[in-house]
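What follows is one chain in C-alpha cells, specifically the form predicted on its own.
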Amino acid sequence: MTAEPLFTLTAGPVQPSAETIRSLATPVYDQFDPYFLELYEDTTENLRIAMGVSSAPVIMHGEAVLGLEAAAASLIARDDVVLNLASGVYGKGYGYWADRYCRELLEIEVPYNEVIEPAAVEAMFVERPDIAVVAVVHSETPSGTLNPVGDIAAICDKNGALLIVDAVSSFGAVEVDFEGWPADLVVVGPQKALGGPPGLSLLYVSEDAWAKIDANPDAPTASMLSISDWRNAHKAEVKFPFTPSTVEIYALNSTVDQYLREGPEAAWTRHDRVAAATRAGIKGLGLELWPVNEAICSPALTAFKLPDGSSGADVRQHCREHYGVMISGGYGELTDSLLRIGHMGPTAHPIFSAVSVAAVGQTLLDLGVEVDVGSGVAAAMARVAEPAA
C-alpha cells in the first residue's frame, strides 16, 4: 500500500481542516429527521450569506461537474445562440456541453496561458446580437489564470444575454460578485478554496435565470440534471427529490461556518498573500510562470512551465516519494507543459508556500535540473514576511 502524502498541495480537492474532518464523523441521520432538516435549512442560509446573495442557493448532490452540466441543460434552449469563452481546458470543455443543447455555438478561444479580453466579447455581440447565453470559467484551474468576469458580465448584461460562470475554484479565494457583476447561473464547488470534500454542487441562480429555466421545455425535471427539482429542497416542509448526501452536508455546514467566522475579505487576502509568495518562490528557483503575465494569475493555484527535458510525471512522483508533497501536473493537452501547486482553503497559509517551493526545487535538483533552491525558499519567505496591507 502506498503511503499517504504528508502534504497535499494540489489543484484540488484539497485537504480539509481538522474541524471539517471531525464534522464527517457526525452520525448519519434519516433525511427526514428534524435535526437533519433544520441543519440543511441552516446550511443553505449560511451559504446564502457567504455568497452575499438575496435568494437561497441550490445544493445539488454530486461533484461540481454535475452542477456545470445541469446549468447547460437547464438554461440553454434549443433555439439559443451560445457564446463559449475558452481560455483553458475547462472553458473549452464547457463548449461541448453547451453544443448539445443550443442551435448554434460560437466561441472565442485564446492561448491557454492568456485570458479572455472583454473587448473581444464586446466585438462578438456587435457581430452577433442574437447571442442569448455566454459561458465562462472564472479561475481556469488547469492554467492557473483568472478571467475578468466582472467586465465580461457587464457586457452580457448590457446586451441582454444570460451568463453562466464556473466559479468552482475561485469562490473563497477571490471575490465572486454573483449579483453585482451580475451573473445568472454560477457553479461553486466546496472542495477547492472552501476547503471541503468533493461531492456537492453549489449554485447561485438569478431571477432571470429561473424565468428562463421555467420557460425552457427542455430543462430537465425528475432527473439527476434537474436544478428545478432542488429549488426549494432547503425548506423543511419540502421533500427531497432523492436522498441527499447527508455526510457532505455536515462538511459543507462546517466549511461555510469556518469561512464566515474568518470573513470573506480575510480569506481572499490570505489566498492572495500565499499565492504571491508561491509565485515569488517559483521565480526565485529560476522557473517561469505559465500565465503570460502575473497580473492574470489565479490566487487559487500557481502554474509554472515544466523545465525543458523534464517529465511532469517523474517530477510529481519524486516530489511525493522523497519529500511527501503531492502537487498537480498539467491537465488534458497541457499535461506535458506545466506543473501546478494548489494553495486553497486550509493550504492557503504562508508556511505552505515554503514547503511547496522547497520540495519542488529540491526534486528538480535531484533530477538534474539547475535551480536555486535557497533563493526560491528565501523569495517565498520574503513575501510572507512582508507586513499585511
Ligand SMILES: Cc1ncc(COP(=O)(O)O)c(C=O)c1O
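Start at 1 with the first residue shown and count on from there. Just so it is clear, the structure is predicted and the values come from calculations on it, not from any experiment.
One more form of this protein exists, namely the form predicted together with the ligand; it is left out here, but the text below deals with it.
- Under a 4.5 angstroms non-hydrogen atom cutoff, the ligand in the model of the complex lacks residue 39 among its neighbouring residues.
- Shown alone here, residue 29 lies farther than 4.5 Å from the ligand in the model of the complex, counting heavy atoms only.
- For the chain shown alone, residue 65 is a contact residue for the ligand in the model of the complex, at least one non-hydrogen atom being within 4.5 angstroms.
- Within this chain, residue 166 lines the site of the ligand in the model of the complex, having a heavy atom no more than 4.5 Å away.
- Contact with the ligand, judged by heavy atoms within 4.5 Å in the model of the complex, is confined among 270-278, 315-323, 248-256, 132-140 to 132-140.
- 90 is the sole member of 90, 230, 101, 304 with a non-hydrogen atom lying within 4.5 angstroms of the ligand in the model of the complex.
- Contacts with the ligand in the model of the complex, taken as any heavy atom within 4.5 Å, map within 326-352 to 331 alone.
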